Structure formats: structure tokens, C-alpha cells
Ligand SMILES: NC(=O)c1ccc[n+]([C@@H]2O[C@H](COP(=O)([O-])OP(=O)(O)OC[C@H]3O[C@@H](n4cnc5c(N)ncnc54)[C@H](OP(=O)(O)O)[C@@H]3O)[C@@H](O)[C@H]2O)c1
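Have a look below at one chain only, the form predicted alone, in C-alpha cells format.
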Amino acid sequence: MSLASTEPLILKSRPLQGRRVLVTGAAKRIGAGIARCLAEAGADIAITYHHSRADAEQLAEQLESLGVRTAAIACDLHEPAQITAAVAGAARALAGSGQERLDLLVNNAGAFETADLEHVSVAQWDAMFQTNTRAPLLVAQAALPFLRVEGGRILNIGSLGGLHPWATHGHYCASKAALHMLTQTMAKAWAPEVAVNCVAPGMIVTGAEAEEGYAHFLQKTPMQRNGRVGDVAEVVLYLASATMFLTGQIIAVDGGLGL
């Protein structure tokens, strides 16, 4: 079954059966939730991690128990050579004895930081763009030959902050806005073989955070709750299964917070 299938998702118990997916920065939080959701849908999953080796290996074991092939690959996304090696390693690990390919790349890894705009240093600015904009480009470039084998997809994880200015997150917002534009440029440049979209989460909380520190966002959100990791993961799953005619879109998953 190809990811390009137009069969309704509800008719398939494991709509991504046999598909091969790479999720960057997926040892914890949103990335781990995305990897778990896609594995439950039948996809073979490779994840990258930097410092969180124990978490990544534990997640890979959990996913493998779902009956899918998994791989946890160390990668410093600031290093182009490591990116190239990690992507090739993911394609090789998920191929088994078959042809090396990828069906979906999820550029999830990202950096977040609060800083008054007048005090943002050159180093802070460059580091934010290096992680949030340059790395997704380099990973996508490395993955492109593998994605073109059967016609694949790229999903970049952007942010509501890339659509709306946050005064205390100027360098973060700028890097995510650049990623949104990069998404649309990729979609135009790499069609028709590859579809490229972006998921832009709003306020996503986990654990005790949902009850404590972020109630003020809930009050501003039309859906009257803050977002959960599962909300983002479900939209990623939808985009992994939807028609390839859907490309170049920035989809806010924010409960209406950005309205």
C-alpha cells in the first residue's frame, strides 16, 4: 500500500503498513509521540537523537514490540556529514534485504528559547537557525534520493510562532517562519515525486504542565484546552496517508489559538 493511496483512512487498520519513516529528534516529547503513532499505524520507524540515547533506545524497543522494524541513530544535526550518514543509515536499517528507500521524513528536531529581542546575540540567532531551518534542509536533501524511489513525503514541524510574532521569541519565530517558506519551496521544487507539508503546533503541553503553568493559554483558545502531543501526531498521521495532491500547506494545530 502506497502513501499516495486515496483510500479513506478509516477503512485501514494499519494504513502505513510497510512504509518506512524517519523522524528526527524523536527520543522524547512530540517526536516520540509522532513516532509511536506512526508505528501503531504499521510504519517501520527510524529515529535520530543527539544526547538522549537511553530514551531513544527505550522508545525503539517499545516500537519494535508493535511488530515493526525500528532503528535509533545518533546524529548531531549541526554536522552535515553526520546528517548524510544518519539518513543513509536509516534507509539501510529499514530496508532489511530489500531496496533502500524512505516513504516519509518528519523533520521534528528543533530548538526553543526565550530571549528579549534586543539582547539576542549573534550566536543565539545562528544556533536557532542552524537547528530549526538549516538542519531540516540538509536532512531533506540527504533523504531526497530515497524519497524519490517510490514517491514520498516530507513533513516539517513548524510552529504557530512562525505564523504569529511572539515578542520574547523573535529568533525562534523567525527561524520557524523561514522553515514554513522552505516547506513551500521544497513542495514546488520537488514535485511531483515528493509532497511536502508543514504542521505548525500551537501550545502543546505534556503531563502536569497541562494542569498548571499554561492555563492562561487555555483561556485564549477557542477549543477551550491546550494541545496535546497526540493532537500533533494525529495530524501527522493524516498527512502521511492523505492524497499526494495536498502539498505546500502550513497546517496550524492550535485549537484556534492563532485566530
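The first residue of the sequence shown is number 1, and the count goes up from there. Nothing here was measured: the structure is a model prediction, and the numbers come from that model.
This next part talks about the form predicted together with the ligand, which is not shown.
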Heavy atoms within 4.5 Å of the ligand in the predicted complex: which of the stretches 92 to 100, 137 to 145, 182 to 190, 107 to 115 has them? 107 to 115
Quick check on Leu77: any heavy atom within 4.5 Å of the ligand in the predicted complex? yes
Met203 within 4.5 Å of the ligand in the predicted complex, heavy atoms: yes
Given that the partner is absent here, does Val196 sit within 4.5 Å of the ligand in the predicted complex, heavy atoms only? no
Thr131 near the ligand in the predicted complex, any heavy atom under 4.5 Å? yes
Give a yes or no on whether every one of Gly25, His51 and Ile157 sits within 4.5 angstroms of the ligand in the predicted complex by heavy atom. yes
